[in-house]
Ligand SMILES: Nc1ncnc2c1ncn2[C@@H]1O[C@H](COP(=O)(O)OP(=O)(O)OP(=O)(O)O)[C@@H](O)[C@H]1O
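Take a look at this single chain in structure tokens; it is the form predicted on its own.
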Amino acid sequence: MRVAVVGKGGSGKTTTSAILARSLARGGARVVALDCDTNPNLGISLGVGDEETERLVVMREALDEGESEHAPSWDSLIDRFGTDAPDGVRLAVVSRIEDPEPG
């Protein structure tokens, strides 16, 4: 299952995403949360804290500025740019996914 949360700024997308991700993970689902927002705060909402969220943001900025290479596959994206959040959720702050592997 893939779920995307979209809407106007300030409408509660980040909070809704965090609650949904943690609830699904608590129910036994394998959950990977991708924060693609220009102001990424999903890590804070998921409970990984300010420092870890900032570390992920800095890695994303390095990608955006060409200082680092994009991950070549889905698994390597999560391994290289992800972190563990409470309840078994994996989180990555991403700018874009090149050549996604469908399925």
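The first residue of the sequence shown is number 1, and the count goes up from there. Remember, predicted model here, so these are calculated numbers, not experimental data.
Quick note: we don't show the form predicted together with the named molecule, though the next part is all about it.
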Hey, in the predicted complex, is residue 90 touching the named molecule, heavy atoms inside 4.5 Å?
no
Residue 83, heavy atom within 4.5 angstroms of the named molecule in the predicted complex
no
For residue 23, is any heavy atom within 4.5 Å of the named molecule in the predicted complex, or not?
no
Distance check, residue 37 to the named molecule in the predicted complex, heavy atom within 4.5 Å
yes
Applying a 4.5 angstroms cut-off on non-hydrogen atoms, the residues of 1-30 near the named molecule in the predicted complex are 8, 9, 10, 11, 12, 13, 14, 15
